[in-house]
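The data below hold one chain only, encoded as structure tokens and taken in the form predicted alone.
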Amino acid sequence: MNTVLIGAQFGDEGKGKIIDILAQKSDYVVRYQGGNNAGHTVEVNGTQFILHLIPSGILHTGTKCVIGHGVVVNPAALLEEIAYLESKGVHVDEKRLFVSEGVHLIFPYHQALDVLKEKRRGRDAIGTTKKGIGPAYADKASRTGIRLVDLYDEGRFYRKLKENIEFENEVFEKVFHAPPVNFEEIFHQYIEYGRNLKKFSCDTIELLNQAVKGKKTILFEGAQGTLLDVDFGTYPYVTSSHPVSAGASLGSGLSPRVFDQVMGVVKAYTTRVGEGPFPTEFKDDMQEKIRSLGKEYGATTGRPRRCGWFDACLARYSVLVNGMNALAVTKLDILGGVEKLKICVGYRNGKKTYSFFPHDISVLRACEPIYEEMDGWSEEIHHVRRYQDLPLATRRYIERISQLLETPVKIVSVGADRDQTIFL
């Protein structure tokens, strides 16, 4: 079965753990969009792995990992991540990791531009990770981007890079009154990156289509979440790519016809990093309680995540956009001990009510959530491995989420470790 795994909220839903579990039975795991602004955390026997570009499937020796052409890659970050995995005893070689020669590269001027633009926006800042992701995708769209394959033709790379840096330095000096970047330094640095990455580079479109012909099982890994999609999210407070299921086809070069299952990952509550509307955000001491218990800090930036009640309106929208036919519910254990739980089932703006996620940001900001209240549970559930052994109130909560989203729950996570998982 070929599965697309997507975040059904604002990202940070715990996709890394679910990918890690599903990768055990997958021949290939494909990362199809985003960059090192994403962070997937996987815990194995008490050891934590934080991955930013390489698919979580790398932790399984029999699984091949692919970085598709829809990803934007900072070569320094990728090489650093390879070294990090090697230091933790995870071997990464050209037989296990395949990087599309068509990936667009992130350069120091992209990162500098990201920082300067965020500063210029002031109170209207989007809350980017300042990793240069947006400017790299902007170059891709404006056809001035530089791809990994360009590094293997020094003459072509020299011309492209010189043209880009000359333009960006004018912007830095005349618009932002900021210092220029050094062409020679970046040129030689990236030629060396190209040499180091050459063995991993290949035509991943052909590789994956051959895998499909060979009846291999492929798992597609999205970064961020549906509500951060550049088209379907809370624009402009979004990422610069397509975390939705359609992005798996765009970023891998495979037809949507090869996808058998779209599994959406939701937290048992909701979190969001950065700016943007968040109707169900906690407004009391629950904010700090859930953030502390759930260790809700960005894996990439360390920024504290904003926390709130489960938003079924938002998640139902994700189901429709992605064509989801399965759900994984994570961090259920964090809600233990909360006497009364709330689920948002709609929004109210003055006399008008919404049962569907509104796209107008100003409307969404003014909306008040309509809540349905349920009994919580006090029992410890970290040790539970069978669904029927969960407390009745816990099962009712899961079943209500499934009912509201009209999608079956297939996986429930009751802790950070790989084995703290229940399969339905």
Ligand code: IMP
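Residue numbers here begin at 1 and follow the sequence given. What you are looking at is a predicted structure, and each value in this text was computed from that prediction instead of being measured.
The following text describes the form predicted together with this ligand, which does not appear among the structures shown.
Remark: of stretches 208-216, 337-345, 313-321, 273-281, the one touching this ligand in the predicted bound form is 273-281 (heavy atom within 4.5 Å). Within this chain, Asp20 is remote from the site of this ligand in the predicted bound form, having no heavy atom within 4.5 Å. In the predicted bound form, no heavy atom of Pro391 sits within 4.5 Å of this ligand. Thr239 belongs to the set of residues with a heavy atom inside 4.5 Å of this ligand in the predicted bound form. Though the partner is left out of this view, Arg303 does reach within 4.5 Å of this ligand in the predicted bound form, counting heavy atoms only. Think of it this way: in the predicted bound form, this ligand has a heavy atom of just one of Lys130, Lys140, Lys198, Arg291 within 4.5 Å, and the residue is Lys130. In terms of contact with this ligand in the predicted bound form, the residue from Val92, Val258, Ala178, Ile126 that brings a heavy atom within 4.5 Å is Ile126.
Taking this ligand as positioned in the predicted bound form, the residues of 207-230 that bring a heavy atom within 4.5 Å of it are, in sequence order, Gln224, Leu228.
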